[in-house]
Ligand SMILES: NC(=O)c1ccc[n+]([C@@H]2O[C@H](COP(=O)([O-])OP(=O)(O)OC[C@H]3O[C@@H](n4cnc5c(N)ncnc54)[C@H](O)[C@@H]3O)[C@@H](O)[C@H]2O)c1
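Below, in structure tokens: the form predicted on its own, a single chain.
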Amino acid sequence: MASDFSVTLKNGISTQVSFISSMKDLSRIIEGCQGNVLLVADANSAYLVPDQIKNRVILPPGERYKTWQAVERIVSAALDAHLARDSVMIALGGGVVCDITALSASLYMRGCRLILVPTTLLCMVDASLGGKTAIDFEGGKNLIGTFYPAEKVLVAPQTLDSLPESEYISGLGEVLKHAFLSGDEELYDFLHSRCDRILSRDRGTLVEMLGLSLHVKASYIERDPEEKKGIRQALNLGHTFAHALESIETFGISHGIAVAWGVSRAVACSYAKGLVDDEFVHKADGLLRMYGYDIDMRVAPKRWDDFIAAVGKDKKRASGSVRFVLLEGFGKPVLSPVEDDLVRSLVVQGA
């Protein structure tokens, strides 16, 4: 059973990660907040908003609404509700809601208090922990953002019961990514041996999986809270490939599914560069296929120019060159530029 824990991030600020057993716990926590509260949800998570919350913003769902306009709505609502710097913004929803709300909280009066309540698996293991905030801009994913850790992240595994299958599988993509970043292979072994229980959403198994996955992420972000040492960038394993795919598909493919595909491409790239052996590729591809991800998908040749242009917008650039996260084994990430010809051979159909 996973237990609560604390993660120390930017400027020594800590985020308390707590597992709550029901949404009634959320109501009690909100009641205990001092000062005004503004809760932000979207149309998918609005039904979970506690009745006592009068100050609320309900956003349209979807990545295409991750914009300045959404931030303006939240900030305007905060002003109307007379929020001060010691007031609390609470995000209740998936990664889009949490990212937008966190950015709004970081900007409002130069920073007000922030609590995140992720309701999707993807957000629980990825967007909620680490202090990153963001919106998309001019076709680039998460191009505008800040580092602003939440004071609390409240994980409610029961919200996964009603999550659509496609969103649940999307979230698992990030969990599997963490398995390859864990040096002790504990998460890999857990995912391999408990696949049936995980896919059937057994509550106890999910709580244990969430704890293992979050601790892998915490181990990276605590050592590099603002992504300045190259350590935290390892958490972007598969993301350079994934973000480019999402971009050319106008975000019509879910993030976690794109990440799972991107991880497979990163593993293939690592193999092509002689960083990993056949056994590692077999284990990696086997786990991804076990959970049903289409790692054989390729981009049509006519989309190559769009794909490599999207890669060029990636945030992991250094001295004008995009650095991909590759692997030398479990828990051994490396940052490396990759030649366009090699990228093309890995992602383009028939290349």
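So that there is no doubt, residue numbering starts at 1 and follows the sequence shown. For the two forms, the rigid core is made up of the largest set of C-alpha atoms that agree within 1.5 Å on superposition. Predicted, not measured: the structure shown is a model, and the values here were computed from it.
What comes next is about the form predicted in complex with the named molecule, which does not appear here.
Legend entry - Interface stretch in the model of the complex with the named molecule - options 94 to 102, 202 to 210, 184 to 192, 265 to 273, non-hydrogen atom within 4.5 Å: Looking at the other structure, the answer is 94 to 102.
Legend entry - Residue among R113, K152, K132, R73 with a heavy atom within 4.5 Å of the named molecule in the model of the complex: Flagged contact: K132.
Inset, instruction - Name the single residue among L245, A78, I257, C123 that comes within 4.5 Å of the named molecule in the model of the complex, judging by heavy atoms. - result: The residue in contact is C123.
Inset, instruction - Please state whether every one of the three residues K66, N142 and S162 places a non-hydrogen atom within 4.5 angstroms of the named molecule in the model of the complex. - result: Affirmative, all three are within 4.5 Å.
Inset, instruction - Please run the contact check for M89 against the named molecule in the model of the complex: heavy atoms, 4.5 angstroms, yes or no? - result: Taking the distances in the model of the complex, the answer for M89 is no, it never comes within 4.5 Å of the named molecule.
Inset, instruction - Flag E167 as yes or no: does it have a non-hydrogen atom within 4.5 angstroms of any non-hydrogen atom of the named molecule in the model of the complex? - result: Yes, E167 is a contact residue.
Legend entry - in the model of the complex, A179 touching the named molecule (heavy atom, 4.5 Å): The answer is no: A179 has no heavy atom within 4.5 Å of the named molecule.
Legend entry - 4.5 Å heavy atom contact, T240 to the named molecule in the model of the complex: Outside the cut-off, so no.
Legend entry - Members of 213 to 242 lying within 4.5 angstroms of the named molecule, judged by heavy atom, in the model of the complex: Only a single residue, K217, comes within 4.5 Å of the partner.
Legend entry - Core-aligned C-alpha movement of G111 between this form and the one not shown reaching 2 Å: Shift of 2 Å or more: no.
Legend entry - Core-aligned C-alpha movement of H178 between this form and the one not shown, 2 Å or more: No, because once the rigid core is superposed, the C-alpha of H178 moves less than 2 Å between this form and the one not shown.
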